[in-house]
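In structure tokens, one chain follows: the form predicted alone.
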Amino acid sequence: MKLYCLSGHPTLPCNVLKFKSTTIMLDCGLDTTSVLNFLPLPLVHSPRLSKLPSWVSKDGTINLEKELKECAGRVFVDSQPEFCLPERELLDLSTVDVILVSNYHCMMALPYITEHTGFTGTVYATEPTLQIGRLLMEELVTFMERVPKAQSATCWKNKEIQRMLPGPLKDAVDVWTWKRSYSMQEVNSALSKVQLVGYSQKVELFGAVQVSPLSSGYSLGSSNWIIQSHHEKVSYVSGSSLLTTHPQPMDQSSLKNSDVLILTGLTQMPTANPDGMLGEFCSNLAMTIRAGGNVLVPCYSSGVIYDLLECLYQFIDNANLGTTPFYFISPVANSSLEFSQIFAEWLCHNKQSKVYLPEPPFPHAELIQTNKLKHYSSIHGDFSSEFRQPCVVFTGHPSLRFGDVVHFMELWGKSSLNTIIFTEPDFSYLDALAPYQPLAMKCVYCPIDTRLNFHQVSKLLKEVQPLHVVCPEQYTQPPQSQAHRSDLMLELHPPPMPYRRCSVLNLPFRRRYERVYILPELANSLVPSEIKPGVSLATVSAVLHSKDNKHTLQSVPKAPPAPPSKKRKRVPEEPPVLLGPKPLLSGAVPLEAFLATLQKHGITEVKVEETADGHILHLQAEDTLIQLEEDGTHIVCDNNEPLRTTLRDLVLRFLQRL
């Protein structure tokens, strides 16, 4: 069993598991942190960005004025943003049989895999994962296509040039593999390969293994996966949460008795309490609005935004913010808000019960009805005529490199009355703000990450007790910024097996058993014999038939009688002799009793030598060796067949025939 690791990002994993002749890809996350190296894509012409100076090396040898721009001491690529794809050279991805998707954030690289590698398999995901994943992909494509850039920067990727660039461009990994966004046509083609599954539904893969999704408690439809055969079990835990939020709670009991547990997608903010961050978010928002400023919240169009809106619903009236407009701007804003209300069976029990009242499970439905929350597909059209300040705007993208958020950064960045509140943990807020410096608006960092922290995952692993744990190497050591915090790492016994991008792990357990079925008529013919009290054995002669990884013992077919021949044959043909199987032997040959038996038969000169596996008896007068071992007895006797036969019969006296 092997694990190929194609992504270096612990919360955006992409691994391939080879298990019992099947090749299974576990998630295909897209590392979007690479876009932080690029200039933002403004929706309207930005004089500030267009006037940024070109970067030239200190000695003047490198001048890529059309590709690299400098802003506040940082260098950015002036081109369409590109993404860091999962590794595609480590193994032939056309051999992947299935892709298992754990949540909608971990499927963003799907079109790159299914459309450009010769993939012909099936993708398995839950319905909310598919539908919300489609929205996020559609939003990404729209953000990119509505602000196209003519030039494509490639010279800076030259290894010799990249080595001379300032950080973080200098340290960027595998820049030649970075790719621009896919098209909507590729998205639709990729998602047509998805087959929907429900929690605890068992899916057979070629008769070899069975896969089943379990609720992971992180987002709508998010899953952990069980991959098992009759005698082995692998659990894949990715992006899980034990907190009480809107999704169904995590199914922990099904993870028990795993041979291997592959662990990814822990919280990126182990020291930040989500409840505390929500409180800080609300108080900073209220302070800014009361001072007459605007609040900008860069966010994804699904996920944490549902919890933010629910928190604000309870907070608005208490904080006297009832007249403040809240805007949600995204190409898929309407679909996202509607989907969250219709996936009732994927919600926690509390929200499910509201559907039968009937009430909308999320309170943002009421915010929309009372006109406190308005949603728009972009800043153009209705929004521009209905927009009033001070207000709160939720929009994407959290990287601040593309989407409507770029326009609001240019619009509000010069005033210290305004505040930007970061809630998504995927991007460093300092790196996100770098191309907008100098910036007057206030910045508040309230990362809300509900995924498992190290304390919770240690407790979980004690309960489910897997034999082996495999995890990204980042989880086996404290963060660099907090090297003294040993509580911010996994400390297990035995230690977890770490992996990094491009590593191949031989998972530490061997398959020992295989299930074989026996046909009733063959079972009926068996004659068991008792070898010791309570234990019976029977020999079986059969044909092993294997198809679709299912093995069956069938009766040996009888040879058909030869058809009568019209021609006269000189020599009558004899039918082939079918030899019966040799009898199986059980038991052990006791050394002292065997030596006494040899002596009775006139063999007295015996030298006994002890070995690791048993004993060697050297019959010196007869120049013969007898090896007595646990699983066999060997008689080495040259050119003396009568003696060999005698010795064999003496050995057989101590063994039982089956």
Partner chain sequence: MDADCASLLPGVCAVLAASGRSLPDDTSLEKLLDWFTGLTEAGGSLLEACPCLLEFISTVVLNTAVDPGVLSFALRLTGLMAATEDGYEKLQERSVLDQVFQLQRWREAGLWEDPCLRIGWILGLRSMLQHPKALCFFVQSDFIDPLLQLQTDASLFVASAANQMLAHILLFFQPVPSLGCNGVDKKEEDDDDGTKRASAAYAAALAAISGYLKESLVPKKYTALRQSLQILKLLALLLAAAGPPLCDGLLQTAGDPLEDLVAAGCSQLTLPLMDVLLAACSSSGFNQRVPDQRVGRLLSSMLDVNEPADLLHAAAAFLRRGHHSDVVNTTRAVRILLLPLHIVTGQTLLGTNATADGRRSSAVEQLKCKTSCISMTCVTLTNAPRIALLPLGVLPCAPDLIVTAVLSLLRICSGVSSSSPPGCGEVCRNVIGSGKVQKCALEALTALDGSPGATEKTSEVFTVLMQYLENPDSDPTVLHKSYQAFVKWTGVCTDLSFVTDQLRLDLVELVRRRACDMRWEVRDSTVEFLGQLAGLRASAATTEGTASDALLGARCTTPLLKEALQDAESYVRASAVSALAKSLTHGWQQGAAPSEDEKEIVSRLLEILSQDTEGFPRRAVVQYFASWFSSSASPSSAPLLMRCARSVLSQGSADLDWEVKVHTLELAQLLLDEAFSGHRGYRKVSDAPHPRAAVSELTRAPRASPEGAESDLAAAVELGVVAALLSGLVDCDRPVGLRACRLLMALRDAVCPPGPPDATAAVATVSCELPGGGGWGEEIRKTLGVESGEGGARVSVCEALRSLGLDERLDVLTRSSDHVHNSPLSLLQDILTASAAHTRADTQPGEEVIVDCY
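Positions refer to the first chain, counted from 1. Not measured: the values here are computed from a predicted model.
This next part talks about the form predicted in complex with the partner chain, which is not shown.
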| property | result |
| --- | --- |
| Heavy atom contact within 4.5 Å of the partner chain in the predicted complex, the stretch among 389-397, 254-262, 220-228, 268-276 | 268-276 |
| Contact test in the predicted complex: Asn371 vs the partner chain, heavy atoms, 4.5 Å | no |
| In the predicted complex, Phe315 touching the partner chain (heavy atom, 4.5 Å) | yes |
| Partner contact for Asp487 in the predicted complex: the partner chain, 4.5 angstroms, heavy atom | yes |
| Contact flag, Arg290 vs the partner chain in the predicted complex, heavy atom cut 4.5 Å | yes |
| Listed residue that, although the partner chain is not shown, lies within 4.5 Å of it in the predicted complex (heavy atoms), from Lys442, Lys193, Lys157, His246 | Lys442 |
| Partner-contacting position among Glu145, Asp92, Asp382, Glu491 - heavy atom within 4.5 Å of the partner chain in the predicted complex | Glu491 |
| All of Leu242, Gln456 and Val464 within 4.5 Å of the partner chain in the predicted complex, heavy atom check | no |
